[in-house]
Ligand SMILES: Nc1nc2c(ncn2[C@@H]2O[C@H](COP(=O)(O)OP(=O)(O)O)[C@@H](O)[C@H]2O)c(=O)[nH]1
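Starting off, we have a lone chain in the form predicted on its own, written out as structure tokens.
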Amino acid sequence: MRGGIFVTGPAGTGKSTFCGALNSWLTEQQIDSAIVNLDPGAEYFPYSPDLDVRDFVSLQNVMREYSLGPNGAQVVAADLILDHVQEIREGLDDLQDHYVIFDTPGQVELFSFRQGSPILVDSLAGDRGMICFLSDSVVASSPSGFISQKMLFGSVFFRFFKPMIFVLNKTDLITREQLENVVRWEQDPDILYESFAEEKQKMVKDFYLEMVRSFRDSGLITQIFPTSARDMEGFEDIYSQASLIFSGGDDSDTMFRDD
């Protein structure tokens, strides 16, 4: 494959809708793309997956076989995917020229914090994998919400150590002013700290300031990619970043090709 885009983030951030919209946008630009579902417990998709892990691992089957409830079965099913890596890779053989979008489980813990997940990503994408971390624009529009999602972003980065981008999804649900605030927080931790102190309306200890500044010092302050699946906005920027990561920005077969 040309590159593997693994989409993760907290529950409710719109991962599956984002995957479907990104795939539609790429297809409209005549860019070969495909979607792989990696969620054994998924019940509904806003897209038709080209490859579905449920063909190998089914949540319902795991519940019956191991006498587990849905939560325990989700954990076991996430680990069982590793037993079928070879079959999944064989399914990817016909997608050599595609950008492959991997839709991961709805609960971020089932993908990002299972022991086998980094092995899964390396096995499926090797050095041609990247992580799209989706954050909820409504939650991120408050300083404390932005900080908590940025800390989760950092946790995921340290787990996979892959090229990774911070996507502010569902921006159609916030105002232009709120979006501009989030962008300013990403650009300047001191502004973020001031907004955080104002939000809490009480004295904030110095260690909060140092923690926020550590985002910049550690490289976790990078760039925000605002997107809206409803308005189909922001996907050109996602594609441009993926192209940069996978091929140094060399678009050899698209309308964005350099003359």
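In case it trips you up, residue 1 is the first one in the sequence shown, and so on. On a predicted model such as this, the values are computed, not experimentally measured, just so you know.
Unshown form predicted together with the ligand; subsequent notes refer to it.
Visitor: I'd like to know if Thr17 sits close to the ligand in the predicted complex, meaning any non-hydrogen atom pair within 4.5 angstroms.
Guide: Heavy-atom contact with the ligand at 4.5 Å: present for Thr17.
Visitor: Taking the ligand as it sits in the predicted complex, is Leu244 near enough to touch it, meaning that at least one heavy atom pair lies within 4.5 angstroms?
Guide: Heavy-atom contact with the ligand at 4.5 Å: absent for Leu244.
Visitor: Would Leu173 show up as a contact with the ligand in the predicted complex if we use heavy atoms at 4.5 Å?
Guide: Flag for Leu173 set to yes.
Visitor: Should Asn23 be classed as touching the ligand in the predicted complex when contacts are defined as heavy atoms within 4.5 Å?
Guide: Output for Asn23 is no: heavy atoms all beyond 4.5 Å of the ligand.
Visitor: Taking Gly3, Ser33 and Met130 together, does each of them reach the ligand in the predicted complex with some heavy atom inside 4.5 Å?
Guide: Looking in the predicted complex, the three residues Gly3, Ser33 and Met130 all stay beyond 4.5 Å of the ligand (heavy atoms).
Visitor: What is the one choice in Arg230, Arg64, Arg213, Lys200 with a heavy atom within 4.5 Å of the ligand in the predicted complex?
Guide: Contact with the ligand in the predicted complex is made by Arg230 alone.
Visitor: 120 to 128, 181 to 189, 164 to 172, 142 to 150: which one contacts the ligand in the predicted complex at 4.5 Å, heavy atom to heavy atom?
Guide: Stretch with heavy atoms near the partner: 164 to 172.
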